[in-house]
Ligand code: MEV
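Okay, here we've got a single chain as structure tokens, the form predicted alone, with questions on binding and movement later.
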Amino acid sequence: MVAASAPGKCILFGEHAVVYGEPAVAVAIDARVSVSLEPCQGSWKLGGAPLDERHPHARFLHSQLVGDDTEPHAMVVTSELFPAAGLGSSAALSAAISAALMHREDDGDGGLDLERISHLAHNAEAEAQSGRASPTDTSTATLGGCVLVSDRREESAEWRWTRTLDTPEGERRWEIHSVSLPESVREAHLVVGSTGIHSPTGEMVAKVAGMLERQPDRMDEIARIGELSRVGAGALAAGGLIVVGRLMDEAHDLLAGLGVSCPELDQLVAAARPTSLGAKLTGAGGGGCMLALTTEPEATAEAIEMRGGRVITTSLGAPGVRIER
């Protein structure tokens, strides 16, 4: 048997602005998607059923890494992430499947090729999303820690690789970086609160696009969100947790002003702020999750739960994709 796992992610800075070429900062969280491969009879399976159109990520990766002439295996998936909540569950699944299949093919003789895993997982995401996918989630699931994605190489972080994708709108290009987190950052935690409301990413992106078309002067707010990403990455690298928290508060207020928050998210953010350094929505908005940066994780989690949120408490920057056995 082979098993691999990869972490989910939270976006700290850059939601929606990343669509317009601004940078985004994401961190891996201590909730993972695990995939095991076990020999089985018949054909390759996932969740007990043959690989088909219901499993676009797994089908794509199977075709790229294995093919139909190999001994069939069953993929068994377990997840610690809230489903459909903007926490990168499909990217973590793609990274874990890639690692497991690659490890099986080389009989575990070599180390993980992280750049190849990131490339395959990103292409699997694009295959499942009509040719469109940001590499933010898959890069974070692969590298772990803290990741900065931009349209150019940034001085505040370590450049790792370039990712390109042919989309229906033409070629897109991203520069992927790792942000080194000092040990002092481990003093804080992120508390992720789920509203339980499905996060409609496509609808929220379209909503912002329509608003900007009607009010082009509001691109200044998009640019400010991008600025928060760059300043936030530098503050994280310097261990400036108080600054990071303040930037998170500003980022939420900007995103709410763009119309992508909702009453449930605002309530959880308000509940978290008295015991946290900063709190904001994470992801597309309109539901999904918020997160709080805190040195009092128990108190912050309790406050969020009292307002009806489900919580995950995590360190900043969990390990990336790895082989479990």
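Please read all numbers here as calculations on a predicted model, not as lab measurements. Position 1 is the first residue in the sequence shown; the rest follow in order.
Omitted here: the form predicted together with this ligand. The next part is about that form.
Only one of 61 to 69, 279 to 287, 48 to 56, 263 to 271 has heavy atoms within 4.5 Å of this ligand in the predicted complex; I'd like to know which.
Looking at the other structure, the answer is 279 to 287.
State the residue from Leu181, Met211, Ala223, Val205 whose non-hydrogen atoms include one within 4.5 Å of this ligand in the predicted complex.
Selected residue: Val205.
Might Ser79 be said to contact this ligand in the predicted complex, defining contact as any heavy atom within 4.5 Å?
Heavy-atom contact with this ligand at 4.5 Å: absent for Ser79.
I'd like to know whether Val18 contacts this ligand in the predicted complex, with contact meaning heavy atoms within 4.5 angstroms.
Flag for Val18 set to yes.
Although the partner isn't part of this model, could you tell me whether Ile11 comes within 4.5 Å of this ligand in the predicted complex, counting any heavy atom of the residue?
Because a heavy atom of Ile11 falls inside 4.5 Å of this ligand in the predicted complex, the answer is yes.
Is it the case that Thr201, even though its partner is missing from this view, gets within 4.5 Å of this ligand in the predicted complex, heavy atoms only?
It does: once this ligand is placed as it appears in the predicted complex, Thr201 has a heavy atom within 4.5 Å of it.
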